[in-house]
Each structure stands twice: as C-alpha cells, then as structure tokens.
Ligand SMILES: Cc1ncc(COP(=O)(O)O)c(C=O)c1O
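Consider the single chain below, provided in structure tokens and representing the form predicted on its own.
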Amino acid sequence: MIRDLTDDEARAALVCKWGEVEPDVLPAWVAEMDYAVAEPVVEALHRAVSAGMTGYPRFGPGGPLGEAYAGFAHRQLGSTVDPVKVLPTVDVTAGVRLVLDTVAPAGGLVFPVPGYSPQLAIAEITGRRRHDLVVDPDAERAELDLDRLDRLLADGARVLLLTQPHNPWGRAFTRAELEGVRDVVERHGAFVVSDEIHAPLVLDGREHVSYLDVEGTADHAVAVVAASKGFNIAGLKCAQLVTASDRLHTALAEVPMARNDSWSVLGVEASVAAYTHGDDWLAALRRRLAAQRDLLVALLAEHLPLARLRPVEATYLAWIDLRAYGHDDPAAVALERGRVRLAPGHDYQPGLGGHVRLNFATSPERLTEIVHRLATALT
C-alpha cells in the first residue's frame, strides 16, 4: 500500500524537501515522506474540491473532526477522548503557541534538547525564558532527566514542552516515564504542553501513551495532535488541541478568532479521511518504516561503523552521532562532498557538534545511496 514517489514525482509533490535542494542532491532533511498520499485521503480531497469546498472551515470544537479523532485515538492509541474536547488549529507548533499564550501559567519554559528546531524559539516568541533539559549525548538511552526537571521547576520554570514521541531522539516514552514527569510537575504546580504529532508512528508494536492518559494530568496539560506526520499532509494545515479538563477546554474554545482562525477546510476533510479510513495504510507504513530503520542500521554498520544510533522506537527520523569522524558539522560536509542534505545537529541543540538528523522515509534504494554518499563524504 506504500508507493514510493519517483524523483520527478517527489520534486513536484514535496516542494520544500526536494525543491530546496539542487538537482544532484538527495534530500533527507525535512520531515516529509517520499511516499504517495494514502488513497482514502486523496479521494476525500478530490470530493471536496469537486464540491467547491475552498472556503472557510467549520469553526468551533467537536464536529466530524472531533468524532474522527476520538475514534482514531481509541482504535490506534487506546485513548479515550471526548470528541467535544477536540479543537482544530492550524498546525502543531501554532497550537503549542496558542496554549502557551492563553492557558499555560506565566513563567519559564522547560524544553528538552536536542529538540525540534522550530520550537527552540517558542519560549522567546511567547515572552518566556527557555530552560534547556539537556540529554547527555553519551548516555546509552535518551531519557528525560527528572532530577534536572525538578530543579528547573523549583527555580521558577512553570511549563514543560514535551515532545512525545520525541523528535529527533526517536523515543516513545513509557507510561512509567510519563508518570515520573507527572509527579515532578504536580509537585511544583506546573503545566505540560504535550506535542504528540508523531503518535501514529510508534514502531514494532510499541504503545504510544498520551500524556493525558496518565492519571492525574487532566488539569495541568493539553495535548496537540495531527494527522500531518502520520499521513504526510502537513501542507493542508489542520492540527487539533485535545483536553481532558472542562476548564481548559472552555478557555481554549473561547479564544478569539484572531488567535486561532487559520486551519483549512481541506485539512479538515483530509484529517477526517485519514483518521476514519487510514488504518490499513498506516499499518503498512509502520511496517515500511521499521524495515527502513533496520536497513539504515545495517548500512551504518557496514559503511560508517563508528556512527552511533540509539534504537529508533518511533518516527522516521534517526538522530546519528558522527563525532568519531572528526567533523564538527557533518551535515555541511555531507552536502558539500556527498551531495546529500541532512539536518545539522546544532539546529536541534545550539552548540552541539558532530550530530545529524536523517529522514529514512524514502525508498530502500535512495536510503542506500544516502548512506553511501554520507560515508564517502565523511571518510
């Protein structure tokens, strides 16, 4: 069910990922997949455009989108979501900003790093101080340092921006880990914004645990979700804010339109189709991504044996430690010498050298060529 785009199709479809590079460069940087869009989504978009659905979306929470997401969350994630407490927003990062601006308490923002690069600036944009919760690059497993989180909250930080599954670590946090986060947050009366955009992409049968599914989190958390990563429809602009508290839901639903008015009617139609009819395609996608991850592990072992890659439990993004090859910015070297574009590690943690983020959601042939070019460039 997963069809690889040809190079020409990818250049036409993925105008950022493929269009921002020269013709001789293989792109493995932006988080988009080189796969054709799921047929149920394509069919829904054709119907919508044929019907002339190019105007404003339905405003307000719930509705078909809330019902569709609640059903998807129950089937795919084991979550119980009140459809009425699903509120559309334009995209996940905008949703995070909206929550920080309207319902999160004032004060510093704790951000685990390395972290999703556009969100490094969210603290400043929302008038907060950023407190980095740094993951030791030499640790065997990428984990949240709860003792450090406790100190940051004790020193005055009030909000944790939690990305889970994590980009770029590729971690799917366990329920026990999230319970530990809850305990620290509750101890300090703090707040959590849980970016769960990669929730559909947990691999190998692992469980995605929404932070809202952890007992005792409803009054201090909002989850931000979307079909955009799981179904490759980020450009259609529709994410969702999910709450389990009447107070938080009401506060977000009553936000003036000027703060939350830019999601797309086509994004709603695509998301409803993905959530309602996309289960089989998503299962096939997870199998493909697991196979691609395993291929990447094998290719690195053969061609870049000093590379360090922690197990990828979720997403299609690999965080690779290449410090052993002696380049502070291996992504720049890969682009100049190997004509392959990767995301540089310092974009995810300022000052961190020797790391890259590699997108393996492509064909086996392209992934093989990407690693070959990277090895040639670095060695």
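Computed from a predicted model, the values in this text were never measured in an experiment. Residue indices: 1-based, along the sequence shown.
Keep in mind that the form predicted together with the ligand is not shown, yet the notes after this line are about it.
Exactly one of the stretches 79-87, 200-208, 221-229, 282-290 approaches the ligand in the predicted bound form with heavy atoms within 4.5 Å, and it is 221-229.
The shortest heavy atom separation between residue 163 and the ligand in the predicted bound form is within 4.5 Å. Among heavy atoms of residue 91, some come within 4.5 Å of the ligand in the predicted bound form. Contact annotation for residue 48: none of its heavy atoms lies within 4.5 Å of the ligand in the predicted bound form. Of the heavy atoms in residue 195, some are within 4.5 Å of the ligand in the predicted bound form. None of 169, 275, 116, 173 but one reaches within 4.5 angstroms of the ligand in the predicted bound form through a heavy atom, and that residue is 116.
Between the options 31, 352, 70, 37, the residue in contact with the ligand in the predicted bound form by a heavy atom within 4.5 angstroms is 31.
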